[in-house]
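So this first bit is one chain, no partners, the form predicted on its own, shown in C-alpha cells.
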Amino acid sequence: MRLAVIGAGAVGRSVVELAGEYGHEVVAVADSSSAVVADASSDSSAGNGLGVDAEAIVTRKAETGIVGDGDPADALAADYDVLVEATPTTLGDAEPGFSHVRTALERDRHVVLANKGPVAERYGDLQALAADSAGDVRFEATVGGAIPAVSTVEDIEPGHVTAVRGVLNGTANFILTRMAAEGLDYDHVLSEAQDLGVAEADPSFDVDGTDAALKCVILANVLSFGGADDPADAREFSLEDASVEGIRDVPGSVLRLAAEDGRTVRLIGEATGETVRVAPRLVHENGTLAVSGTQNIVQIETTHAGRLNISGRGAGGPETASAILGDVGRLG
C-alpha cells in the first residue's frame, strides 16, 4: 500500500520509519507547515520502493522542525492508497483532521486514523462519508495504542458485546500507581511524572479524564453503530455525552486506606451502546484492572464468550504506529 502520512509527531514519524517493515511504501508526508512528496517521475506509484526517504525526513524534522519544502496540501493531493491521519486530536468540529479525512474519502482513498477527534466528535459524519466512498475508514490506533481493542470488538461483533471497560490512560495510571506504592500525594507524583516525561507540562487532557473519555466515546460509537440493524437507528456519542471525573482530587489517604483492605484506585472508563463513564474506582490490588505504571488494559464483556482481557502499552510512537500499520494491512 502507498501511504500519505499527515502529522509528523512521534506517531507519524514512527509510521514513516516502520512502514517498510510491514511491506508498505510512504509516498508523502506532511506536518502543519510543510510537506514532502515522492517524485512522480521516479515511478514511486508503481510500489517499487522508490517512495520518500524516511531517514532523511525524520532527521530533517528533528533538526529543522519541518519535513520538506512543499505545502501540506501537496501531500493530500498525492497519489496514495491510504491516508494516515496522525495530527493532534482536536475537539468540537475535529478540524483540521476531519477535512483531511473528507478529502481522502472523496477521492475514494482509504483512511487510517490515529487522531481521535473525527471518530469521537463526528462519528456519524465520518460513517456517512465512508458510505459514499470506495474508501474505508479504520481507527484502531485511537483506542489503547498497541492494544487491539476495536478489532477485537469487531471480530466478536458489536451486537454480542455488552460493555467495554478498562484503564485507558497511561499518565493517570502511572500517577495512581506511584501514589499507592510510595504513599505520596497527587501533586508530588505529578511533578515526578513531568520530570520523567510521562506527563505533559499541562497534564489536563490526561489527569482530568478527557483522553480516557474520548477512547470510551469511540468504543461506545462502535458498539452503538455496529449493534444497530440500521445505522439511522444508532445513537451517536461525543465527549458531551460522557460522565467524566479525573484523578486530581484523589488524596493519598484514600489509596492508603484502600491498601489496608487489599484494594487500590484506578481511573476506569466504561462504554456501552448507551452510556460512557470515566471515574476513579476501587479495584482489587491483584485484580485484572490493577495494571501498573503506564500499562493499559481493556476488558470486554460479551454475551457468549464471557469476559476477555487485553493489556499492553497504550501509547508511544512505535506502539501506536503498529496499530496504524495493522489497520493498513486489514485494508490490503
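A residue's number is simply how far along the shown sequence it sits, counting from 1. Small disclaimer: the values here were computed from a predicted structure and weren't measured.
If you look for the form predicted in complex with a further copy of the same chain, you will not find it shown, but the lines that follow are about it.
- Message: Only one of these stretches, 166 to 174, 116 to 124, 190 to 198, 147 to 155, has heavy atoms within 4.5 Å of a further copy of the same chain in the predicted bound form; which one is it?
- Response: It is the stretch 147 to 155.
- Task: Please state whether every one of the three residues S243, P251 and T272 places a non-hydrogen atom within 4.5 angstroms of a further copy of the same chain in the predicted bound form.
- Result: Heavy-atom distance to a further copy of the same chain in the predicted bound form: none of the three under 4.5 Å.
- Query: Wondering, does G9 line up within 4.5 Å of a further copy of the same chain in the predicted bound form on heavy atoms?
  - Reply: No, G9 sits far enough from a further copy of the same chain in the predicted bound form that none of its heavy atoms falls within 4.5 Å.
- Message: in the predicted bound form, does R256 come within 4.5 Å of a further copy of the same chain, counting heavy atoms only?
- Response: Judged by the heavy-atom cut-off of 4.5 Å, R256 is well away from a further copy of the same chain in the predicted bound form.
- Mark L282 yes when one of its heavy atoms lies within 4.5 Å of a heavy atom of a further copy of the same chain in the predicted bound form, and no otherwise. L282: no contact with a further copy of the same chain in the predicted bound form.
- Query: With a 4.5 Å heavy atom cut-off, would you call A305 a contact of a further copy of the same chain in the predicted bound form?
  - Reply: Heavy-atom contact with a further copy of the same chain at 4.5 Å: present for A305.
- Can you name the residues of 260 to 289 that have a heavy atom within 4.5 Å of a further copy of the same chain in the predicted bound form? If the 4.5 Å heavy-atom criterion is applied to a further copy of the same chain in the predicted bound form, 260 to 289 yields only N286.
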